[in-house]
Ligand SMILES: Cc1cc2nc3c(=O)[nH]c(=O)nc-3n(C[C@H](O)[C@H](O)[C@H](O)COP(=O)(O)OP(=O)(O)OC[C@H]3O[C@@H](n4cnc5c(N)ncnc54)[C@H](O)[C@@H]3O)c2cc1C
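One chain comes next, on its own, written as C-alpha coordinates: the form predicted alone.
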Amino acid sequence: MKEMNLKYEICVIGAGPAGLCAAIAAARQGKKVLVVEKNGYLGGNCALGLPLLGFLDLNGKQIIAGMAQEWVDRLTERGMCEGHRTCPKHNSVTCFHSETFKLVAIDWLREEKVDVLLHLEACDTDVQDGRLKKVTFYGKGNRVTVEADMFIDCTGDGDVAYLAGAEYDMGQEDTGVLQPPTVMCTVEGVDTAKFFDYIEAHPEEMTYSATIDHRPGYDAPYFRASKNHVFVGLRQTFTRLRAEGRMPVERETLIYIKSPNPGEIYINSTRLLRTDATDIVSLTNAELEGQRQVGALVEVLREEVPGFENAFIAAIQPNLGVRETRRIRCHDVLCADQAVAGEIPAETVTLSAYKIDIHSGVDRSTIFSTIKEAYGIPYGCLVPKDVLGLMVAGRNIGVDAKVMASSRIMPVCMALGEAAGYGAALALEKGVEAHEVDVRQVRAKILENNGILTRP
(Lines give C-alpha, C1' and ligand atoms only; values in the text may rest on other atoms or scores of the structure.)
Protein backbone atom coordinates (compact mmCIF):
# COMPACT_ATOMS: atom_id res chain seq x y z
CA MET A 1 0.00 0.00 0.00
CA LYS A 2 1.27 3.47 -0.86
CA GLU A 3 1.59 5.69 2.22
CA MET A 4 1.46 9.51 2.24
CA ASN A 5 1.79 11.90 5.18
CA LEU A 6 0.71 15.51 4.66
CA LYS A 7 0.63 18.60 6.88
CA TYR A 8 -1.75 21.54 6.41
CA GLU A 9 -3.10 24.36 8.48
CA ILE A 10 -6.70 23.58 7.54
CA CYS A 11 -8.10 20.40 6.02
CA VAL A 12 -11.63 20.47 4.61
CA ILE A 13 -13.30 17.10 4.07
CA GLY A 14 -15.97 17.18 1.39
CA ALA A 15 -16.02 19.36 -1.72
CA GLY A 16 -19.73 20.07 -1.87
CA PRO A 17 -21.33 23.51 -1.46
CA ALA A 18 -20.22 23.84 2.18
CA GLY A 19 -16.73 22.42 1.71
CA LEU A 20 -15.87 24.52 -1.31
CA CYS A 21 -16.86 27.71 0.48
CA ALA A 22 -15.04 26.71 3.67
CA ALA A 23 -11.85 26.08 1.71
CA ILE A 24 -12.04 29.31 -0.27
CA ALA A 25 -12.83 31.39 2.83
CA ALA A 26 -9.89 29.91 4.75
CA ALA A 27 -7.54 30.30 1.79
CA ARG A 28 -8.53 33.95 1.43
CA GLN A 29 -7.31 34.41 5.01
CA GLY A 30 -3.87 33.23 3.93
CA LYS A 31 -4.13 29.67 5.25
CA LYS A 32 -2.63 26.58 3.64
CA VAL A 33 -5.73 24.55 2.80
CA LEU A 34 -6.34 21.01 1.55
CA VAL A 35 -9.70 19.73 0.33
CA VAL A 36 -10.26 15.97 0.38
CA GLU A 37 -13.18 14.62 -1.65
CA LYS A 38 -14.53 11.06 -2.10
CA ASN A 39 -15.74 11.63 -5.67
CA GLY A 40 -13.79 12.19 -8.85
CA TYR A 41 -15.26 15.66 -9.27
CA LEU A 42 -16.00 18.79 -7.25
CA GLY A 43 -19.42 20.11 -6.31
CA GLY A 44 -21.20 17.45 -4.27
CA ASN A 45 -24.96 18.01 -4.53
CA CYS A 46 -24.34 21.08 -6.71
CA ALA A 47 -23.23 18.64 -9.40
CA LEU A 48 -26.47 16.61 -9.36
CA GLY A 49 -28.84 19.08 -11.03
CA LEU A 50 -30.50 20.38 -7.88
CA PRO A 51 -31.50 24.07 -7.81
CA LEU A 52 -30.20 26.67 -5.39
CA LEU A 53 -33.29 27.27 -3.26
CA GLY A 54 -33.83 29.92 -0.62
CA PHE A 55 -31.73 32.90 -1.68
CA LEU A 56 -34.94 34.92 -1.22
CA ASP A 57 -37.40 34.86 1.66
CA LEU A 58 -41.19 34.53 1.52
CA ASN A 59 -41.48 38.20 0.49
CA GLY A 60 -38.91 38.00 -2.29
CA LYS A 61 -36.16 39.74 -0.32
CA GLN A 62 -32.62 38.39 -0.66
CA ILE A 63 -31.37 36.94 2.64
CA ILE A 64 -28.29 34.98 1.50
CA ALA A 65 -25.44 36.54 -0.44
CA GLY A 66 -21.67 36.60 0.20
CA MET A 67 -19.80 33.66 -1.28
CA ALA A 68 -23.03 31.90 -2.25
CA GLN A 69 -23.83 34.87 -4.48
CA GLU A 70 -20.32 34.70 -5.94
CA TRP A 71 -21.08 31.18 -7.20
CA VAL A 72 -24.22 32.47 -8.91
CA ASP A 73 -22.31 35.38 -10.45
CA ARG A 74 -19.58 33.09 -11.82
CA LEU A 75 -22.15 30.70 -13.31
CA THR A 76 -24.08 33.62 -14.78
CA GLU A 77 -20.93 34.96 -16.44
CA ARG A 78 -20.70 31.63 -18.31
CA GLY A 79 -24.34 31.84 -19.40
CA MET A 80 -25.33 28.87 -17.24
CA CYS A 81 -27.46 30.57 -14.57
CA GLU A 82 -30.20 33.21 -14.78
CA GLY A 83 -30.05 34.41 -11.19
CA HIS A 84 -32.80 34.36 -8.60
CA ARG A 85 -36.50 34.12 -9.39
CA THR A 86 -39.38 34.29 -6.94
CA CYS A 87 -41.43 31.11 -6.78
CA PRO A 88 -44.96 30.65 -5.37
CA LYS A 89 -43.93 27.26 -4.00
CA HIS A 90 -40.24 27.47 -3.02
CA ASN A 91 -39.91 31.19 -2.17
CA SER A 92 -37.22 31.39 -4.85
CA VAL A 93 -35.38 29.23 -7.35
CA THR A 94 -31.94 29.69 -8.89
CA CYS A 95 -31.42 27.07 -11.57
CA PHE A 96 -28.02 26.42 -13.13
CA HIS A 97 -26.10 23.91 -15.23
CA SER A 98 -24.60 21.30 -12.92
CA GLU A 99 -21.72 20.30 -15.20
CA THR A 100 -20.62 23.91 -15.48
CA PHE A 101 -20.57 24.13 -11.69
CA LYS A 102 -17.83 21.48 -11.66
CA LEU A 103 -15.71 23.57 -14.04
CA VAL A 104 -16.24 26.77 -12.06
CA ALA A 105 -15.19 24.93 -8.90
CA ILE A 106 -11.92 23.75 -10.45
CA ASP A 107 -11.03 27.23 -11.65
CA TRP A 108 -11.95 28.91 -8.37
CA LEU A 109 -9.97 26.54 -6.14
CA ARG A 110 -6.92 26.93 -8.37
CA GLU A 111 -7.35 30.70 -8.28
CA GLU A 112 -7.33 30.59 -4.46
CA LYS A 113 -4.39 28.10 -4.42
CA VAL A 114 -6.34 25.43 -2.56
CA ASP A 115 -4.87 21.92 -2.84
CA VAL A 116 -7.24 19.07 -3.73
CA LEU A 117 -7.15 15.28 -3.39
CA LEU A 118 -9.98 13.25 -4.95
CA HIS A 119 -11.04 9.60 -4.59
CA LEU A 120 -10.32 9.48 -0.86
CA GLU A 121 -12.64 8.68 2.06
CA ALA A 122 -11.87 9.07 5.75
CA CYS A 123 -11.24 5.73 7.46
CA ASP A 124 -9.54 6.64 10.75
CA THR A 125 -8.80 9.54 13.08
CA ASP A 126 -6.14 10.33 15.66
CA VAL A 127 -7.67 12.11 18.66
CA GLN A 128 -5.30 13.08 21.48
CA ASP A 129 -6.58 14.61 24.74
CA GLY A 130 -9.88 15.40 23.06
CA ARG A 131 -8.26 17.09 20.04
CA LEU A 132 -8.45 15.82 16.47
CA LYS A 133 -4.84 15.76 15.26
CA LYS A 134 -4.89 13.60 12.14
CA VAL A 135 -7.34 12.05 9.71
CA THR A 136 -6.42 9.03 7.64
CA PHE A 137 -7.99 8.53 4.23
CA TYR A 138 -8.00 5.54 1.90
CA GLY A 139 -8.47 5.29 -1.85
CA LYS A 140 -7.14 3.24 -4.76
CA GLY A 141 -4.57 1.44 -2.61
CA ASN A 142 -3.34 4.72 -1.12
CA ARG A 143 -3.35 5.45 2.60
CA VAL A 144 -3.09 9.21 3.12
CA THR A 145 -2.69 10.67 6.62
CA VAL A 146 -3.32 14.39 6.96
CA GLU A 147 -2.19 16.31 10.02
CA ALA A 148 -3.84 19.70 10.37
CA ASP A 149 -4.31 22.45 12.91
CA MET A 150 -8.02 22.51 12.14
CA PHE A 151 -10.36 20.16 10.30
CA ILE A 152 -13.73 21.14 8.82
CA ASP A 153 -16.16 18.26 8.26
CA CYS A 154 -18.31 19.09 5.23
CA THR A 155 -19.16 15.49 4.34
CA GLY A 156 -22.88 16.04 4.93
CA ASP A 157 -22.99 12.79 6.90
CA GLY A 158 -20.53 14.02 9.54
CA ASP A 159 -18.22 11.10 8.76
CA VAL A 160 -15.07 12.60 10.27
CA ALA A 161 -16.85 13.91 13.35
CA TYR A 162 -18.33 10.43 13.83
CA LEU A 163 -14.93 8.74 13.48
CA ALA A 164 -13.48 11.24 15.95
CA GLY A 165 -16.09 10.26 18.55
CA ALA A 166 -18.38 13.28 18.38
CA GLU A 167 -21.89 12.75 19.70
CA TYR A 168 -24.68 13.02 17.15
CA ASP A 169 -28.39 12.56 16.51
CA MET A 170 -30.23 11.02 13.57
CA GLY A 171 -33.81 11.07 12.36
CA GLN A 172 -36.99 12.83 13.36
CA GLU A 173 -37.27 13.34 17.12
CA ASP A 174 -40.60 11.53 17.48
CA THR A 175 -39.88 8.51 15.25
CA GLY A 176 -36.16 8.37 14.49
CA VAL A 177 -37.08 7.98 10.81
CA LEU A 178 -34.66 9.49 8.30
CA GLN A 179 -35.80 11.45 5.27
CA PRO A 180 -35.25 9.32 2.15
CA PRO A 181 -32.53 10.03 -0.41
CA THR A 182 -33.04 10.36 -4.15
CA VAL A 183 -31.20 9.18 -7.24
CA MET A 184 -31.44 11.99 -9.78
CA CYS A 185 -31.12 11.89 -13.55
CA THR A 186 -30.66 14.24 -16.48
CA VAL A 187 -33.36 13.86 -19.14
CA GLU A 188 -33.23 15.41 -22.60
CA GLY A 189 -35.67 15.62 -25.49
CA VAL A 190 -38.49 17.13 -23.42
CA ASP A 191 -40.94 19.37 -25.32
CA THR A 192 -41.67 21.79 -22.48
CA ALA A 193 -44.05 23.92 -24.58
CA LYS A 194 -46.26 20.91 -25.22
CA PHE A 195 -46.02 19.89 -21.58
CA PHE A 196 -47.10 23.33 -20.36
CA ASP A 197 -50.07 23.28 -22.74
CA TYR A 198 -51.13 20.02 -21.11
CA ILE A 199 -50.73 21.47 -17.59
CA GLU A 200 -52.79 24.51 -18.55
CA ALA A 201 -55.56 22.29 -19.90
CA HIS A 202 -55.48 20.09 -16.77
CA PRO A 203 -55.13 22.33 -13.69
CA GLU A 204 -56.06 19.36 -11.49
CA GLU A 205 -52.51 18.11 -12.09
CA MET A 206 -51.27 20.99 -9.91
CA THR A 207 -53.22 20.12 -6.75
CA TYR A 208 -51.32 19.05 -3.64
CA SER A 209 -51.95 17.35 -0.33
CA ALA A 210 -52.96 19.44 2.69
CA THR A 211 -49.42 19.18 4.15
CA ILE A 212 -47.86 21.16 1.27
CA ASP A 213 -48.00 24.96 1.40
CA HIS A 214 -47.90 27.05 -1.76
CA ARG A 215 -49.22 30.37 -3.04
CA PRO A 216 -51.34 31.12 -6.14
CA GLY A 217 -49.65 31.52 -9.49
CA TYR A 218 -47.74 28.25 -9.59
CA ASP A 219 -49.09 27.27 -12.99
CA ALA A 220 -48.40 26.98 -16.72
CA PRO A 221 -47.94 30.74 -17.33
CA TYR A 222 -45.35 30.81 -14.52
CA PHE A 223 -43.40 27.92 -16.05
CA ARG A 224 -43.63 29.35 -19.56
CA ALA A 225 -42.31 32.73 -18.46
CA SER A 226 -38.81 31.50 -17.66
CA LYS A 227 -36.69 28.37 -17.88
CA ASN A 228 -35.55 29.33 -14.38
CA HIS A 229 -38.14 27.16 -12.62
CA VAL A 230 -38.74 24.00 -10.63
CA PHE A 231 -41.83 21.98 -11.51
CA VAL A 232 -43.78 19.99 -8.92
CA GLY A 233 -46.99 18.46 -10.21
CA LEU A 234 -48.74 15.67 -12.18
CA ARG A 235 -50.44 14.48 -9.01
CA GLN A 236 -53.51 13.15 -10.85
CA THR A 237 -51.39 11.20 -13.31
CA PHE A 238 -49.25 9.73 -10.53
CA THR A 239 -52.37 8.77 -8.55
CA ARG A 240 -53.92 7.06 -11.57
CA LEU A 241 -50.77 5.17 -12.47
CA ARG A 242 -50.37 4.00 -8.89
CA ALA A 243 -53.94 2.64 -8.92
CA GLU A 244 -53.05 0.79 -12.12
CA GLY A 245 -49.90 -0.65 -10.52
CA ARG A 246 -47.66 1.22 -12.96
CA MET A 247 -46.07 3.91 -10.77
CA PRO A 248 -42.46 2.91 -9.94
CA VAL A 249 -41.76 5.60 -7.31
CA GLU A 250 -43.24 6.28 -3.87
CA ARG A 251 -44.03 9.91 -4.53
CA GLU A 252 -47.19 11.92 -5.11
CA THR A 253 -45.77 14.19 -7.83
CA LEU A 254 -43.10 14.63 -10.44
CA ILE A 255 -40.32 17.03 -9.48
CA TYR A 256 -38.02 18.38 -12.12
CA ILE A 257 -35.52 21.24 -12.27
CA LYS A 258 -35.15 23.05 -15.56
CA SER A 259 -31.64 23.13 -16.99
CA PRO A 260 -30.52 26.24 -18.90
CA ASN A 261 -30.21 23.99 -21.98
CA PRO A 262 -33.21 23.53 -24.31
CA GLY A 263 -35.20 20.36 -23.74
CA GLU A 264 -33.08 19.33 -20.74
CA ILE A 265 -34.38 18.77 -17.20
CA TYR A 266 -33.10 17.19 -13.99
CA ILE A 267 -35.60 14.79 -12.40
CA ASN A 268 -35.72 14.54 -8.60
CA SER A 269 -38.55 12.04 -8.11
CA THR A 270 -37.21 8.73 -6.88
CA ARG A 271 -37.75 8.01 -3.19
CA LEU A 272 -35.65 5.38 -1.41
CA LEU A 273 -37.65 4.60 1.71
CA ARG A 274 -36.12 3.29 4.93
CA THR A 275 -32.60 4.18 3.84
CA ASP A 276 -29.73 4.94 6.20
CA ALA A 277 -27.04 6.44 3.99
CA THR A 278 -24.42 5.89 6.73
CA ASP A 279 -24.92 2.10 6.45
CA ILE A 280 -23.07 0.65 3.47
CA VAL A 281 -25.60 -2.13 2.80
CA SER A 282 -28.54 0.29 2.97
CA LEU A 283 -26.63 2.77 0.82
CA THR A 284 -25.85 0.16 -1.82
CA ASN A 285 -29.45 -1.01 -2.01
CA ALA A 286 -30.67 2.57 -2.36
CA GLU A 287 -28.22 3.39 -5.15
CA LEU A 288 -29.25 0.34 -7.18
CA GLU A 289 -32.97 0.66 -6.51
CA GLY A 290 -32.86 4.38 -7.27
CA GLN A 291 -31.21 3.78 -10.62
CA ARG A 292 -33.83 1.15 -11.44
CA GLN A 293 -36.61 3.58 -10.49
CA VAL A 294 -35.11 6.27 -12.73
CA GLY A 295 -35.31 4.02 -15.77
CA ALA A 296 -38.85 2.89 -15.02
CA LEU A 297 -40.12 6.41 -14.26
CA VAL A 298 -38.79 7.94 -17.46
CA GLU A 299 -40.35 5.13 -19.47
CA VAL A 300 -43.74 5.80 -17.84
CA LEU A 301 -43.41 9.52 -18.52
CA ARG A 302 -42.67 8.80 -22.19
CA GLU A 303 -45.82 6.70 -22.43
CA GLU A 304 -48.20 8.87 -20.44
CA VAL A 305 -47.23 12.55 -20.37
CA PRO A 306 -47.52 14.94 -23.34
CA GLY A 307 -44.18 16.53 -24.10
CA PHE A 308 -42.19 13.53 -22.87
CA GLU A 309 -42.75 11.29 -25.92
CA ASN A 310 -39.15 11.72 -27.12
CA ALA A 311 -37.51 12.12 -23.73
CA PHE A 312 -34.47 10.02 -22.90
CA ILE A 313 -32.05 9.61 -20.02
CA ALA A 314 -28.82 11.45 -20.77
CA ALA A 315 -27.24 10.63 -17.40
CA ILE A 316 -28.02 8.97 -14.09
CA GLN A 317 -26.23 11.02 -11.47
CA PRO A 318 -23.35 9.12 -9.83
CA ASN A 319 -24.36 9.72 -6.22
CA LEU A 320 -27.50 9.72 -4.13
CA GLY A 321 -28.91 13.04 -3.12
CA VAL A 322 -29.02 12.44 0.64
CA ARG A 323 -31.44 14.58 2.67
CA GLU A 324 -30.69 13.47 6.20
CA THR A 325 -28.20 11.49 8.27
CA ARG A 326 -26.11 12.58 11.27
CA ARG A 327 -26.52 15.91 13.03
CA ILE A 328 -23.48 16.60 15.18
CA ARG A 329 -24.09 17.84 18.72
CA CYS A 330 -22.51 21.27 18.90
CA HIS A 331 -22.05 24.10 21.41
CA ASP A 332 -25.35 25.53 20.12
CA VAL A 333 -28.35 23.56 18.90
CA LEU A 334 -30.97 25.48 16.94
CA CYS A 335 -34.51 24.21 17.53
CA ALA A 336 -37.65 24.45 15.44
CA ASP A 337 -39.50 26.82 17.77
CA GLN A 338 -36.65 29.33 17.42
CA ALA A 339 -36.65 29.05 13.63
CA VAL A 340 -40.42 29.32 13.28
CA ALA A 341 -40.37 32.39 15.55
CA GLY A 342 -37.79 34.02 13.27
CA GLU A 343 -35.17 34.40 16.01
CA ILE A 344 -31.85 35.90 14.93
CA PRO A 345 -29.26 35.30 17.67
CA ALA A 346 -26.43 37.78 18.21
CA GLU A 347 -23.91 35.21 16.94
CA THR A 348 -25.78 34.49 13.69
CA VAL A 349 -23.52 33.66 10.74
CA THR A 350 -26.23 33.12 8.12
CA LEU A 351 -29.95 33.56 7.66
CA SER A 352 -32.36 30.98 6.32
CA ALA A 353 -36.03 31.25 5.41
CA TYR A 354 -36.61 28.13 3.35
CA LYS A 355 -39.66 26.06 4.19
CA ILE A 356 -39.55 23.10 6.56
CA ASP A 357 -39.43 20.35 3.93
CA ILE A 358 -39.76 16.86 5.42
CA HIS A 359 -40.00 13.93 3.01
CA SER A 360 -41.39 10.85 4.75
CA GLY A 361 -38.95 7.97 4.98
CA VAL A 362 -41.73 5.37 5.22
CA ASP A 363 -44.37 6.46 2.68
CA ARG A 364 -44.99 8.94 -0.15
CA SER A 365 -46.11 11.89 1.99
CA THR A 366 -44.31 15.22 2.39
CA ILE A 367 -44.64 18.02 4.96
CA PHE A 368 -43.84 21.36 3.32
CA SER A 369 -44.61 24.22 5.71
CA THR A 370 -43.86 27.92 5.52
CA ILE A 371 -41.22 29.83 7.46
CA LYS A 372 -42.76 33.30 7.65
CA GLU A 373 -39.62 35.24 8.57
CA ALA A 374 -35.93 34.53 8.16
CA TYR A 375 -34.17 33.03 11.17
CA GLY A 376 -30.49 33.05 12.10
CA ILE A 377 -28.10 30.12 12.53
CA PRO A 378 -25.50 30.89 15.22
CA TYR A 379 -21.78 30.18 14.96
CA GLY A 380 -21.95 27.69 17.84
CA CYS A 381 -23.92 25.28 15.62
CA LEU A 382 -20.69 24.79 13.63
CA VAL A 383 -18.48 23.73 16.55
CA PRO A 384 -18.79 20.19 17.99
CA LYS A 385 -19.07 20.27 21.76
CA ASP A 386 -16.81 17.30 22.49
CA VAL A 387 -14.00 17.31 19.87
CA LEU A 388 -11.40 20.10 19.63
CA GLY A 389 -9.69 21.02 16.37
CA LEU A 390 -12.88 20.29 14.42
CA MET A 391 -15.70 22.30 12.87
CA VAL A 392 -18.70 21.16 10.84
CA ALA A 393 -20.62 22.85 8.03
CA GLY A 394 -23.53 21.81 5.85
CA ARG A 395 -26.54 19.71 6.81
CA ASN A 396 -24.56 17.99 9.62
CA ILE A 397 -24.52 21.05 11.93
CA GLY A 398 -26.07 21.38 15.39
CA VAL A 399 -29.78 21.76 14.66
CA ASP A 400 -32.83 19.63 15.38
CA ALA A 401 -34.44 17.51 12.69
CA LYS A 402 -37.11 20.05 11.73
CA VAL A 403 -34.61 22.90 11.37
CA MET A 404 -32.36 20.62 9.33
CA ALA A 405 -35.30 20.11 6.97
CA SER A 406 -35.11 23.85 6.28
CA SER A 407 -31.38 24.58 6.62
CA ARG A 408 -30.10 21.71 4.43
CA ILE A 409 -30.53 23.67 1.19
CA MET A 410 -27.35 24.47 -0.70
CA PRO A 411 -27.15 28.30 -0.38
CA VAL A 412 -27.40 27.94 3.40
CA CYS A 413 -24.71 25.23 3.30
CA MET A 414 -22.51 27.59 1.27
CA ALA A 415 -22.96 30.35 3.83
CA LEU A 416 -22.23 27.93 6.68
CA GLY A 417 -19.07 26.79 4.92
CA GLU A 418 -17.92 30.36 4.45
CA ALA A 419 -18.45 31.06 8.16
CA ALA A 420 -16.60 27.89 9.16
CA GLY A 421 -13.66 28.83 6.94
CA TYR A 422 -13.40 32.25 8.57
CA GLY A 423 -13.85 30.77 12.05
CA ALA A 424 -11.14 28.15 11.55
CA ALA A 425 -8.70 30.73 10.18
CA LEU A 426 -9.39 33.12 13.06
CA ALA A 427 -8.90 30.37 15.62
CA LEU A 428 -5.43 29.67 14.24
CA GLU A 429 -4.53 33.35 14.00
CA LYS A 430 -5.58 34.07 17.58
CA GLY A 431 -4.28 30.81 19.03
CA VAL A 432 -7.67 29.87 20.50
CA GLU A 433 -10.11 27.00 20.16
CA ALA A 434 -12.84 27.26 17.52
CA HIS A 435 -15.52 27.80 20.15
CA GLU A 436 -13.47 30.64 21.71
CA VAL A 437 -13.31 32.73 18.52
CA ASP A 438 -14.77 36.23 18.77
CA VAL A 439 -17.83 35.72 16.60
CA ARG A 440 -18.00 39.45 15.96
CA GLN A 441 -14.84 39.03 13.87
CA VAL A 442 -16.38 36.16 11.91
CA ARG A 443 -19.49 38.25 11.27
CA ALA A 444 -17.32 41.20 10.20
CA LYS A 445 -15.61 39.07 7.56
CA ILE A 446 -18.97 37.80 6.32
CA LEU A 447 -20.23 41.38 6.00
CA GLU A 448 -17.01 42.47 4.27
CA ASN A 449 -17.79 39.83 1.64
CA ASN A 450 -21.33 41.23 1.17
CA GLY A 451 -22.99 38.65 3.38
CA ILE A 452 -26.42 39.28 4.92
CA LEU A 453 -26.94 38.85 8.67
CA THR A 454 -30.09 40.86 9.36
CA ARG A 455 -33.58 40.63 7.90
CA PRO A 456 -34.18 43.05 5.03
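The first residue of the sequence shown is number 1, and the count goes up from there. In this text, all values refer to a predicted model and were calculated from it rather than measured experimentally.
Below, we turn to the form predicted in complex with this ligand, even though it does not appear here.
Visitor: Between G66, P51, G389, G398, only one gets a heavy atom within 4.5 angstroms of this ligand in the model of the complex; which residue is that?
Guide: Exactly one listed residue reaches within 4.5 Å, namely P51.
Visitor: Looking at this ligand in the model of the complex, is some heavy atom of each of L120, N268 and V322 within 4.5 Å of it?
Guide: Yes, each of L120, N268 and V322 comes within 4.5 Å of this ligand in the model of the complex.
Visitor: Taking this ligand as it sits in the model of the complex, is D57 in contact with it (heavy atom to heavy atom, 4.5 Å or less)?
Guide: Close contact is absent here: in the model of the complex, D57 is far from this ligand, nothing within 4.5 Å, heavy atoms only.
Visitor: Is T275 close to this ligand in the model of the complex, meaning a heavy atom pair under 4.5 Å apart or at it?
Guide: No, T275 stays farther than 4.5 Å from this ligand in the model of the complex.
Visitor: Might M410 be said to contact this ligand in the model of the complex, defining contact as any heavy atom within 4.5 Å?
Guide: Within the cut-off, so yes.
Visitor: Evaluate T182 for contact with this ligand in the model of the complex, applying a 4.5 angstroms cut-off between non-hydrogen atoms, and reply yes or no.
Guide: Close contact exists here: in the model of the complex, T182 approaches this ligand to within 4.5 Å, heavy atoms only.
Visitor: At 4.5 Å between heavy atoms, only one of the stretches 389-397, 426-434, 22-30, 58-66 reaches this ligand in the model of the complex; which one is it?
Guide: Of the stretches listed, the one contacting the partner is 389-397.
Visitor: Taking this ligand in the model of the complex, which residues along 370-390 bring a heavy atom to within 4.5 Å of it?
Guide: Residues within 4.5 Å: none in this stretch.
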